[in-house]
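Here's a solo chain for you in structure tokens, the form predicted alone.
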Amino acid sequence: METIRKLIRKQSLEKLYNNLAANRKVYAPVIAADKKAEYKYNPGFADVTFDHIRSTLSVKNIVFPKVENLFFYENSKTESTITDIDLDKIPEVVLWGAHPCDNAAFDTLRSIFCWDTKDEFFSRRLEKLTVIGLGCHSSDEYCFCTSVGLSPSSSRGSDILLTKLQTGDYQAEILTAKGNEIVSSFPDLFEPLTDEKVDITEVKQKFSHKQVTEKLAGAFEHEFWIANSLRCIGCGACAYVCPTCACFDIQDETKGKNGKRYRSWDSCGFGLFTLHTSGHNPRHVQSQRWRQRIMHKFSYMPDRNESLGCVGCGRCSSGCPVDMNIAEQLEALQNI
């Protein structure tokens, strides 16, 4: 649908939030006790922050939970009975106040989970999700969205994108049918928009993702990987905070005759990730695992999924315990 722009007053945001929270689960950012932003379900509007740069964890768990049951089973002497998960019970969720990098990640995840065989668990959760995004009016040294084709005001992945105006009110871009349904439900909260100036931060482009992809085509055996992975301890923090990492493990958990099969987040940075039962590990040193991470996001995914595996949120760098900065490494890679 054609993008429609409306004005929503600062005082009307609370009414909109409370009306949505009355009928749906709303996932919104708050400032935690450690002064860092985190997302919670249905916090009071007074606790919702509009000034965070990034939350510690991404919001991908809405559509790709950390741990997700796939089915339950009961064993007897002669047979097993399987009980499927009722996907119709997945609730409607409104993601409130997520920034453009996080919202763009939903398209990246879709390109993974719906690449060849449609993942019904992911797809149903995404169908039940409505995204009210928030343009960025502040940034820091870890942000690099402009280097991966996005910007602090990108609308990709949002159903409605709120952008702060210099007056303190907000511009509301209505981008999809889901967004239009919300506006139509509460028409008294939205007004015609005049030519008021938006308050959007600037993020300097640090590298060209297209040039990085071109460099990677001939860099598989380059000494760059050893030199730039020496600090990596393989903790997996980068994958767990990343909004686009989608590696998972599948396990069975049984107690007596009853059990369940579930999947949980995993990371290609772990030494066990590619360990074979024979004991052989095709990626047996950390430099190979770091190479896999970069190649996957900036070479394999553009080729196979027609999408980048990175949205420039900077979480992997800001959360790395040994200060490995992915943007700096990609900038160096571009120049080898």
Partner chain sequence: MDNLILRAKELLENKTVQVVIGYEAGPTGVVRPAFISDPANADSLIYDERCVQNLAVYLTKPEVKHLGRIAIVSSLPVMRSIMMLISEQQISYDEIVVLGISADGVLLDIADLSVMQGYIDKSDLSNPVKYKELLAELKKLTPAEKFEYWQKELSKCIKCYACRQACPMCYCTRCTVEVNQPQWISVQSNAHGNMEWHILRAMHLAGRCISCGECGRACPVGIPCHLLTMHLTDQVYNYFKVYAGTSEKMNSVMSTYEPNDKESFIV
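Because the structure is predicted, anything quoted here is derived from the model rather than measured. Positions refer to the first chain, counted from 1.
The same protein also exists as the form predicted together with its partner chain; that form is not shown, yet it is the one meant from here on.
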### Task
Would you check whether its partner chain, in the predicted complex, lies within 4.5 angstroms of a non-hydrogen atom from each of D84, R125 and F186?
no
### Message
Just checking whether Y142 would be counted as a contact of its partner chain in the predicted complex - the rule being heavy atoms within 4.5 angstroms.
### Response
yes
### Task
Evaluate N325 for contact with its partner chain in the predicted complex, applying a 4.5 angstroms cut-off between non-hydrogen atoms, and reply yes or no.
yes
### Task
Could you confirm whether V203 comes within 4.5 Å of its partner chain in the predicted complex, counting heavy atoms only?
no
### Query
Is the gap between K260 and its partner chain in the predicted complex 4.5 Å or less for some heavy atom pair?
yes
### Query
Pick from V48, M295, L57, I53: which residue has any heavy atom within 4.5 angstroms of its partner chain in the predicted complex?
L57
### Query
Considering its partner chain in the predicted complex, which of K210, K197, R231, K118 comes within 4.5 Å of it through any heavy atom?
R231
### Task
Select, from the options 231-239, 96-104, 163-171, 188-196, the stretch whose residues sit within 4.5 angstroms of its partner chain in the predicted complex by heavy atom distance.
231-239
### Message
Suppose contact means any heavy atom within 4.5 Å; which members of 178-198 contact its partner chain in the predicted complex?
### Response
none
